[in-house]
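We begin with a single chain expressed as structure tokens, specifically the form predicted alone.
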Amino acid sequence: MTGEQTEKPGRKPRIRDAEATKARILDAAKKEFAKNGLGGARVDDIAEKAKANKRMIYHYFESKEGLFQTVLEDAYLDIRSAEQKLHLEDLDPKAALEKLVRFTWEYYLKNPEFLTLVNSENLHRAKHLKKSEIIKVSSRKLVNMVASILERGVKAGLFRSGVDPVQLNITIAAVGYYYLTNRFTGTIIYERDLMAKDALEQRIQFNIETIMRLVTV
């Protein structure tokens, strides 16, 4: 007898299988909710595309509403986590703010599902986000990060005082969000391809200039 405990055979593989199944469900659900919204997405379709048993969805997430909330939380946490990894505190205030504006724009371009999920949640008056404490905590980190950039900019004589970090966050999101969510109608109304490479470059430069003019002394 060595006294060593042996692990039950199959335990770890079962855990890995469960995690893999949940990941497939969330990936399939994200695509379905982004495409069809909460009301239009069907659990049967999600299960089929995730190659999972429909009963497992209810086992892990309890309901379609619960699944949608988890997908939404993951979407918000992904962008909040990516923002923290920018290490903006290591840059001078102007460079930090410009990097955040550019990052937000590029994130929206690379993750169109995020925009459609946000649209869907707004149609439901944010009833899922209201129940999510983890979203509130992560969002406070973003506001605090921008507040810190502004404070450093004021101390350096670069930014004017009194800029509300919440209002600035909203504006940074809005100048990219509106453009991309209205790209189809905007292309017709303004008679230009808003998603052409040169149009996208012109837009991000305009966004950066707009934000910097708002805060610069």
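All residue numbers refer to positions in the sequence shown, first residue = 1. As the structure is a prediction and not an experimental result, all values here were calculated from the model.
Keep in mind that the form predicted together with another copy of the chain is not shown, yet the notes after this line are about it.
Using a 4.5 angstroms limit between non-hydrogen atoms, D17 is distant from another copy of the chain in the model of the complex. Although the partner is absent from this view, E62 stays clear of another copy of the chain in the model of the complex, with no non-hydrogen atom inside 4.5 angstroms. Of the heavy atoms in V163, some are within 4.5 Å of another copy of the chain in the model of the complex. Contact annotation: L88 falls outside 4.5 Å of another copy of the chain in the model of the complex, judged by heavy atom distances. Contact with another copy of the chain in the model of the complex, defined as a heavy atom within 4.5 Å, is made by none of A82, F103 and K155. For the residues V118, A96, M145, A75, the 4.5 Å heavy atom test against another copy of the chain in the model of the complex is passed only by V118. Shown without its partner, the chain has R160, V163, D164, V166, Q167, L168, N169, I170, T171, A173, A174, V175, Y177, Y178, Y179, T181, N182, R183, F184, T185, I188, I189, Y190 in segment 154 to 190 as residues with a non-hydrogen atom within 4.5 angstroms of another copy of the chain in the model of the complex.
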